[in-house]
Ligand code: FAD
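Form predicted alone, single chain, as structure tokens, below.
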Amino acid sequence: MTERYDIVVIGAGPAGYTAAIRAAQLGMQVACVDDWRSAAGDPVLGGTCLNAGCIPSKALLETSELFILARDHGAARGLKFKDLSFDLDAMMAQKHKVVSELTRGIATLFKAHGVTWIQGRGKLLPKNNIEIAGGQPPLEAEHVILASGSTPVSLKSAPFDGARIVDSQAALEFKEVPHRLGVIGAGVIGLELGSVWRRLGAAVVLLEAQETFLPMADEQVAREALKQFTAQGLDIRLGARVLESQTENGTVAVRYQDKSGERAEIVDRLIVAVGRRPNTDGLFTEAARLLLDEWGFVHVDEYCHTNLPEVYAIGDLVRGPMLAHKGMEEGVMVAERIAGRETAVNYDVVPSVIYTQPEIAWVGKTEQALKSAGVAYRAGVFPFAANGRAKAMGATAGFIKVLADANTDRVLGVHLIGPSCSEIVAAATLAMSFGASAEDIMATMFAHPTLSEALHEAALAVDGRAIHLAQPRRAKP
């Protein structure tokens, strides 16, 4: 017998579970179909982000950073430790505890809001019918929201073997610290995973095929980041294209090519972190006639509506950055539009964060993008070295840059590298969401002493008015 719902969501990652909860809040009968299982084989909610990505990686990043702070910087603060060490098993147990608490929390939210959780793999059929793998009753929905997320990109030159050559998920489950670790890809995932294992003692080499480091970030930020990561011992090799990887005698032999020719590297483990692709495998039948674009993403309009009546796609399945918060906002938008509300997502102010140390964050246009487009702008930069709170923390690397339109003073982009930038970028995003000018940020009172004062000073620097920076004042036009 077919079960009928107002909305069926396929996928229970951040985009999917957010869409399901918001739709239920708006009074609709909602089912969420998901087939994710924990390492123990139990069905769990939260998708890749909670189970094998955002949350577990941040748990390991935080713990490993605490270890480095205590070991390398504790003595300067009068903190003395005898025979300081770490317990990798306990670190992993703490990570699993955090993940478990959050995934159970989503199940509690589903129950509180009346969302039906259907455990299994869902497939879109014609006329908004949903087939559930395993012989479960099919579903029929007035509206369908596809939110099946993404999966790691594999390389023919480095095929996964689940032991020595692994993806980003397996790299969060190592039972011991590799003596020598190779990472293919020096993007967000590669840098975060490389940082974790470098802090715990691995010699880490990152092989990046692109000649430019972090090309999506502001060039000035990228230069500072490369300097900081190199100082931490990350061996970042640009223009290094991997040709072949072979497992032999408990190690991995990697052959790659750079501007000097072919080279080889021997590592104990090799992480492939070259990006993710939309997870459309088995998501729909050919008869459903769902349209994909040339990159394999589900084709949608600005409101995430597909080519099919009352079928939507959100999150990593569709165009734009593969970020959990972007997918969550799309989930809210789609649920509210189905309910008849005129909601939209402002894709011009999607913040991005790399959770290394120093942290890197940005929102809006980069300086190189503005130059390429011929946009006249003014820039203000303020270093954390001149911020009182950063000095007290011993975290003075990095800066905040504010870019404002030269004619209107509207903030066009904010770029950050330094301590707690993942939190400070929220203030910049809020300001840009309301169309703030640099003058608006200048006129806003920031608490002292705080790291966020660096944002205030960077805005002041746009006009040559930074208080705690020797800077000639610019004459007004």
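Quick note: we count residues from 1 along the sequence shown, nothing fancier. Only a predicted model underlies this, so the values are computations on that prediction, with no experimental measurement involved.
Keep in mind the form predicted in complex with flavin-adenine dinucleotide (FAD) is missing from the figure; the text below concerns it.
This chain is drawn without flavin-adenine dinucleotide (FAD); in the predicted bound form, the residue among T251, S150, Q228, T103 with a heavy atom within 4.5 Å of it is S150. Among S452, T429, T63, S57, the residue placing a heavy atom within 4.5 Å of flavin-adenine dinucleotide (FAD) in the predicted bound form is S57. Among residues of the shown chain, V411 is not one whose heavy atoms approach flavin-adenine dinucleotide (FAD) to within 4.5 Å in the predicted bound form. Using a 4.5 angstroms threshold between heavy atoms, G331 stays clear of flavin-adenine dinucleotide (FAD) in the predicted bound form.
In the predicted bound form, flavin-adenine dinucleotide (FAD) sits within 4.5 Å of a heavy atom belonging to N279. Heavy atoms of S168 reach within 4.5 Å of flavin-adenine dinucleotide (FAD) in the predicted bound form, making it an interface residue. Each of G13, G122 and I189 places at least one heavy atom within 4.5 Å of flavin-adenine dinucleotide (FAD) in the predicted bound form. Heavy atoms within 4.5 Å of flavin-adenine dinucleotide (FAD) in the predicted bound form are found in one stretch of 80 to 88, 393 to 401, 322 to 330, 298 to 306, which is 322 to 330. Residues of 22 to 37 that come within 4.5 Å of flavin-adenine dinucleotide (FAD) in the predicted bound form, judged by any heavy atom, are V33, D34, D35, W36 in sequence order.
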